[in-house]
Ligand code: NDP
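Here's a solo chain for you in structure tokens, the form predicted alone.
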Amino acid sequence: MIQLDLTGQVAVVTGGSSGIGLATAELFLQAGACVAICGRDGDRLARAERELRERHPQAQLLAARCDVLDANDVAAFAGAVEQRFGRADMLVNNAGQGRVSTFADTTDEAWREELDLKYFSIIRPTRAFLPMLRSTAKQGQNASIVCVNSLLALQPEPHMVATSSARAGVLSLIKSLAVELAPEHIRVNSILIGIVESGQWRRRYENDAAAQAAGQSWQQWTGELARKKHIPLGRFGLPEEAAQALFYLATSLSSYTTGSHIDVSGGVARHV
């Protein structure tokens, strides 16, 4: 990847305590940016902060516990970023995990939870940080919003009906935001991920009694799943690979790109 000097710029990453969010925060720190991360789990967030500071002793880093579905939490996080760094240039909205359910077994409550999570994990942080992004854009500097979305937005799966529906709506939301904010020179883009290695998949592997009894390694287990799921590249994606796409869309490397998305699915997409 082309290495940019992001000294003086501020990147905000929600869900930054693990997986894709943590890998993205690390890329920004490597490029010299000030970075603010948040997460709901205080212990996991503290571990992430400790790891980042160990690898980047000179890092300008802020870590704050925040539930992005709580308007007060998000407002407090934005206030802490402004107080610490005085600005925000790049916002990465890193939404939560998927829900396995069919139409027949998805309750009204489950529908509401899924739609609330997928929409408001983008809406609330975007609202909170938009004044700072506008200030950055008015100075003629790169201002951007990037959202982590899923290939389910374009390629729904019946066993993930609620998540697929919500992801499709988020794709439309991102396009609408891009059109609305383009005159203010704030770019809005997303990535569409397929299966990416995560703590959730690690737990499934550890809880697979047959795999453990057979002494199946993580690489063997995920490789077998990738073949069953017809992933052309034959493996799961890495958080770092999704992070690189987010970094590209967030920075001036993609200065003429808005309202777009990058497919990070290992070739599993069936659409043209």
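Counting begins at 1, following the sequence as shown. Note that the coordinates shown come from a computational prediction; the quantities given were computed from them, not determined experimentally.
This next part talks about the form predicted in complex with the ligand, which is not shown.
Would you mind picking the one in L225, A31, L69, L62 that has a heavy atom within 4.5 Å of the ligand in the model of the complex?
The residue from L225, A31, L69, L62 that makes the contact is L69.
Work out which of Q139, Q200, S172, T107 lies within 4.5 Å of the ligand in the model of the complex, going by heavy atoms.
Partner contact (heavy atom, 4.5 Å) among the options: Q200.
Any of the heavy atoms of S18 lying within 4.5 Å of the ligand in the model of the complex?
Looking in the model of the complex, residue contacts with the ligand include S18, since a heavy atom lies within 4.5 Å.
So in the model of the complex, does any heavy atom of E51 sit within 4.5 Å of the ligand?
Answer no; every heavy atom of E51 is more than 4.5 Å from the ligand in the model of the complex.
Are any of the heavy atoms in S144 no more than 4.5 Å from a heavy atom of the ligand in the model of the complex?
No, S144 is distant from the partner.
Using a 4.5 Å heavy atom cut-off, state whether I193 contacts the ligand in the model of the complex.
Result yes; I193 sits at the interface with the ligand in the model of the complex.
Counting only non-hydrogen atoms, which stretch in 182-190, 94-102, 79-87, 126-134 is within 4.5 Å of the ligand in the model of the complex?
Heavy atoms within 4.5 Å of the ligand in the model of the complex occur in 94-102.
May I ask you to list the residues of 154-169 that have any heavy atom within 4.5 angstroms of the ligand in the model of the complex, in sequence order?
Contacts from 154-169: just R167.
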